[in-house]
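Just the one chain here, laid out as structure tokens, in the form predicted alone.
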């Protein structure tokens, strides 16, 4: 079993013939690489008539992530009929995809001002701490995804494209939960820089930083309760549980290398993708009663979220501190083995011992850095991110065409090509 993840991804780089991919995906799933699911669950690349189509690696991780893909296997009359078989490569290759940032700009303009209103407190210092990261300097990728998904879902459900008040609140909540998690992460990691400026814990100390993060989170939950939809409350509440579980997973490691990669992907889902997935699902619940439509929104958010974090892990090795707004090699210095390191292990077994001691010995960080750059770990992680983005495109392509749907497709390209 040693090296199976690495060998699988190397085979994926070699091409996409049906026979080669069959063998590759058996490595990922430990079972048959073909699905007997309905046509709506088939992948989006073209294949010869009469031949079965293989599953995406992203789908094959669903069992490890405790996700239920059964909803994707059912056909639904509510799905846009002409899109059931559409492929991300053929359908959208000539389409003029809309810029997601431009489309979401109107709703983003006052988003941070409204968040600050949610965080209003009489005590000046606490208010300043809470407002510190809501300065518009972040990527705002989460509220952008939520806004575009909400509009795409509204159009798919034969409504006007404008956001419902509850949907806009979920976009705000997604950014508030994310920001609260950053404040707490910086305390746990002892980070002194965030978004190109000093972290809250570095300026005001750990105690006040923890309280600020807690206050932001409490304000988010109050806004969530005001939406008044119990299904939405349940879905978004799952995000907070996943964040905590993901942080605990990050504190540990696995000796077995195959379990280690599974552990890494599950941690990535819980810490990053869960927020995107459940926020997308929440806005769909507010406008559509079909569980399969909810699942489309969820799967898009999940796959884009995992891809986003995989790219983030790559940038830790390829982008400078000036672009990232945080120190390079930060993950290694924290003792974390991300995708590029796990793939590099197959070419440089010396990394296994370093991973188990969390790069704590003198020279470990520098040696691990060099091993990763000498390996194809960065390329393999980038390729895996691309596969998740392709699955996200396949999912969102099942919705009725709209500028917002196409912007969500365009967003996957931006996720893959970003440099910070």
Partner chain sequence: MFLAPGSSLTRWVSVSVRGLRGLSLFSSSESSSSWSKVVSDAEKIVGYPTSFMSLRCLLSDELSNVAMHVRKLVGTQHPLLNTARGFVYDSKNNLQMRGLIVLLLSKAAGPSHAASELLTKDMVSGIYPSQRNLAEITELIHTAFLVHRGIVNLKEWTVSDGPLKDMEFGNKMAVLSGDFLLANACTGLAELNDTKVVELISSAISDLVQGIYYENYYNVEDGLGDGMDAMPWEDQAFLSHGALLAKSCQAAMQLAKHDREAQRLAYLYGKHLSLGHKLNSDLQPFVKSRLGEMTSFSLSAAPVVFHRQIVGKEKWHQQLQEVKHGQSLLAAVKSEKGVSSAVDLCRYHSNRALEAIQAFPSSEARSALENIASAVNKF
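Positions refer to the first chain, counted from 1. Given the structure is predicted, the values throughout are model-derived calculations rather than measurements.
There is another form of the same protein, the form predicted in complex with its partner chain; it is not shown, and what comes next is about it.
*Asks:* Just one of 221, 319, 258, 157 has a heavy atom within 4.5 Å of its partner chain in the predicted bound form. Which one?
*Replies:* Contact check passes for 221.
*Asks:* With its partner chain left out of view, which of 247, 312, 290, 266 would have a heavy atom within 4.5 Å of it in the predicted bound form?
*Replies:* If I apply the 4.5 Å criterion carefully, the residue I get is 247.
*Asks:* Does each of 106, 138 and 178 have at least one heavy atom within 4.5 Å of its partner chain in the predicted bound form?
*Replies:* No: none of 106, 138 and 178 comes within 4.5 Å of its partner chain in the predicted bound form.
*Asks:* Looking at heavy atoms inside 4.5 Å, which stretch does its partner chain contact in the predicted bound form, given the options 296 to 304, 165 to 173, 226 to 234, 258 to 266?
*Replies:* Correct option: 226 to 234.
*Asks:* With the cut-off set at 4.5 Å between non-hydrogen atoms, does residue 273 touch its partner chain in the predicted bound form?
*Replies:* Close contact is absent here: in the predicted bound form, residue 273 is far from its partner chain, nothing within 4.5 Å, heavy atoms only.
*Asks:* Heavy atoms within 4.5 Å of its partner chain in the predicted bound form: does residue 111 have any?
*Replies:* No.
*Asks:* So, in the predicted bound form, is residue 205 in contact with its partner chain at a 4.5 angstroms heavy atom limit?
*Replies:* Answer yes; at least one heavy atom of residue 205 falls within 4.5 Å of its partner chain in the predicted bound form.
*Asks:* Classify residue 329 as contacting or not contacting its partner chain in the predicted bound form by the rule of any non-hydrogen atom within 4.5 angstroms, answering yes or no.
*Replies:* It does not: once its partner chain is placed as it appears in the predicted bound form, residue 329 has no heavy atom within 4.5 Å of it.
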